[in-house]
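The chain that follows stands alone, in the form predicted on its own, written as structure tokens.
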């Protein structure tokens, strides 16, 4: 009973939010039209830089609410605008098809959508007080939003091409940086140890007959250098592809990672069988980076890792009871996870309100 009442209260809140957003949309529509008209005298250019991001933010809020009402999320497919400059960027924003689609939606939403949301307030209030089967207008408004704001197949394809192009460039840059790191580690670590080993063996050979005690000392130094070189090579290989990952798979490798983590971590897995090696490697290092962020920044006492594989997808959720406030825009760790996943058509979603909890959803 309480659950039904709470659902009705949430629908009333949703109707109120849509009404407020529609009223704001009307003001934004007027400002957008004025900015387009003032382009000829250059005054409209800075206004466009304000109006277009505001249109997209407002449209995303409508997508979120309509997706909740319809029980299915509504995605956006805005192409990234790379142009810079006081003229080039506003012009590129004006030329984008999504800008004109959002403008058309603002026109409809500030008239028909506003009327539907106002009617939905009355309908949902009566539904809450009298327990009538209602929310018809709210559902119609949600379908209207989805019909106008859901990306077309062409828009999704264009967004996918842009994401793949960016992912490929970042992957190439990351691989080049990783090769430089390996080369530097080999040069400064194992190679230096092996050079020292060779010198010690050469000196020991020269002193073997003349000074056997010093030759034994040099051989002991060579043995120590050999052990250090082997240890550094093992660490280097472990950083590229942990042996436990190759031997025991993703779940086994994560179990070993959890045991080595100075934090209480619960691992729950629904996986059966092995995944392709590159996918296991990407998932392993993404989880490792996520746990590193938890330890460094969240002040959490507990964390949880969940693995599942619906259909042909791998879903990984990493949550903690820390302070929250994680933002991919402000952290290189989260951006690195997103780049790693994008190479496999993967996505990273971060839910981290101030005060926590933080949930990283990786697909």
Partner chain sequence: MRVVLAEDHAQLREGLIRLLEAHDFDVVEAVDNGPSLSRALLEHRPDVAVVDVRLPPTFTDEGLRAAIAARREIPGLPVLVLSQYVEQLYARELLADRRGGVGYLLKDRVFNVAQFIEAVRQVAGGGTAMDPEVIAQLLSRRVADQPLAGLTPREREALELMAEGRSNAAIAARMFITEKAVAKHTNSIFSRLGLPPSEDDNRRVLAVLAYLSDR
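In this text the structure is predicted, and so the values were computed from the model without any measurement. Numbering follows the first chain given and starts at 1.
The same protein also exists as the form predicted in complex with the partner chain; that form is not shown, yet it is the one meant from here on.
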Just to confirm, with a 4.5 Å cut-off on non-hydrogen atoms, which of 199, 164, 244, 91 contacts the partner chain in the predicted complex? 244
Tell me, out of 76, 255, 139, 214, which residue has a non-hydrogen atom within 4.5 angstroms of the partner chain in the predicted complex. 255
Are all three residues 61, 125 and 129 in contact with the partner chain in the predicted complex, where contact means a non-hydrogen atom within 4.5 Å? no
The partner chain isn't shown here, but in the predicted complex, which of 259-267, 288-296, 115-123, 81-89 has heavy atoms within 4.5 Å of it? 259-267
Interface membership of residue 160, the partner chain in the predicted complex, 4.5 Å heavy atom rule: no
Wondering, does residue 220 line up within 4.5 Å of the partner chain in the predicted complex on heavy atoms? no
Does residue 226 make contact with the partner chain in the predicted complex, using a 4.5 Å heavy atom cut-off? yes
Given that the partner chain is not shown alongside this chain, does residue 146 nevertheless sit within 4.5 Å of it in the predicted complex, heavy atom to heavy atom? no
